[in-house]
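Shown below, as structure tokens, is a lone chain in the form predicted alone; questions about how it binds or moves come after it.
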Amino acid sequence: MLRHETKEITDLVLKAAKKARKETDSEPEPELTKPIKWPVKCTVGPGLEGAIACETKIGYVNGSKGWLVYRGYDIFDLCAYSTFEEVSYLLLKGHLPTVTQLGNFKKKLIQYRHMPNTQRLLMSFPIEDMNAMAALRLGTNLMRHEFTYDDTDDWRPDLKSVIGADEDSIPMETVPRGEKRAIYEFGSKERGKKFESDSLGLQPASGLDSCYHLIAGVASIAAAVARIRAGHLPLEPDPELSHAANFIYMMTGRRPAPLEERVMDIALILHADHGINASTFASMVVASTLSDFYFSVGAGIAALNGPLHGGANEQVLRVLNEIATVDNVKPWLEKIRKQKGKIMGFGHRVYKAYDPRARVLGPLAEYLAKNSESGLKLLHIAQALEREVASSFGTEKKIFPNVDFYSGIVYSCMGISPELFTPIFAVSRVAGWTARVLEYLENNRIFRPRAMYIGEFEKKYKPIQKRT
């Protein structure tokens, strides 16, 4: 239940929702919201843009209208009334939990947040000198080693049961037609029988329990990385705190106020899932080979580390500090336009309307900045830049702030260091990664797109002595 101390935050979200709903209609895209009859015809651009890879019930993004939907629920309603634990359960299970179901889920998260051996192993590496995302990916692998039997000598995939799956040796140049059910499933009795009563308490590296472990564990690892990089020892989780509050506590060493906890909760909800983006696709590709969930999430972290995917909010802060004053916004923008440079935090590959996540984060940044002199300065520059971009490019170009434009200000006002912004993204998105992987494996088919060959033919081999 949400606390009365955070009612102002809820009201801000509901106000943003009301404005968003006034500016759009309620009709989804009919061609993208119906069951697929394989093979499907679609227009595909470079980087597989526009390609239809699978069906999903997890999330829906309508870029032309600025919609973000999780399992049928509007993102504004989830931000206003829900928690990250509830939303994670929703993404994984397909429905909001009952009181008992949520209680059991929270008990699992409390259990899996506690990982002293993984933290001890992590501290044996030079975390202080590593990129925070590299350290987070390392920590995920260490979690896999500590909690699962997939790294043990005795564990081997049962190749006889896998051979009927969609492995790469099957000719894939024919038109794929899909299957009605998964040919091979991670949670099958056959695969798990060998380790049903493992004496070390180890578990499979794939399945629903692994999803729970990763959602809890990635947050603990990210917090430990933050502590180690700041020269402090990692902290044990507090079983009395929520997921968002525990994350702040384990990262900063202080128990957050209800308002700060609520803001983090909303930030995590907003970033939990967003269609088949680069990191989600990377996770699904790895899982489709029948690798495990830990390696799949590691692939998602690796993709998120790329500057074209994660880290933009960190760059937005750099830009705002570079602009320095509200009076310098217009000259700075003119200079960037002449240089044909990119304005960080604006525009989106999907959205041609105002990003619904930015609609929520903007008011939150304004609310938090009231109590932060440096935050207020950044906010005023950001708001002036948004006005200038809108007036310079006009509404016809559909360039609006995206999720990264205000999220950095929100985190800064909470005292979080910029190099931790992308790890926070991963702490949230792991819920979407695991849910998407879990769903895809129900009807798994290994990803195998083709490339158009534009090279030469019939070249003659020359001995090395005759090559110039």
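Since we're looking at a predicted model, the values are computed, not measured. Start at 1 with the first residue shown and count on from there.
Below: the form predicted in complex with acetyl coenzyme *A (ACO), not depicted.
No member of the trio F105, K108 and L208 reaches acetyl coenzyme *A (ACO) in the model of the complex with any non-hydrogen atom inside 4.5 Å. At a distance threshold of 4.5 angstroms between non-hydrogen atoms, I52 is out of contact with acetyl coenzyme *A (ACO) in the model of the complex. Using a 4.5 Å cutoff between non-hydrogen atoms, V61 does not count as a contact of acetyl coenzyme *A (ACO) in the model of the complex.
A residue is said to contact a partner when one of its heavy atoms sits within 4.5 Å of a partner heavy atom; L308 meets this definition for acetyl coenzyme *A (ACO) in the model of the complex. Under a 4.5 angstroms non-hydrogen atom cutoff, acetyl coenzyme *A (ACO) in the model of the complex has M344 among its neighbouring residues. Contact with acetyl coenzyme *A (ACO) in the model of the complex, judged as any non-hydrogen atom within 4.5 angstroms, is confined among 345 to 353, 211 to 219, 83 to 91, 117 to 125 to 345 to 353.
The single contact residue among H232, R318, K397, R387, judged by any heavy atom lying within 4.5 Å of acetyl coenzyme *A (ACO) in the model of the complex, is K397.
Note on contacts: among L438, A426, V403, V410, the single residue with a heavy atom within 4.5 Å of acetyl coenzyme *A (ACO) in the model of the complex is V403. Using a 4.5 Å cut-off on any heavy atom, none of the residues of 439 to 468 reaches acetyl coenzyme *A (ACO) in the model of the complex.
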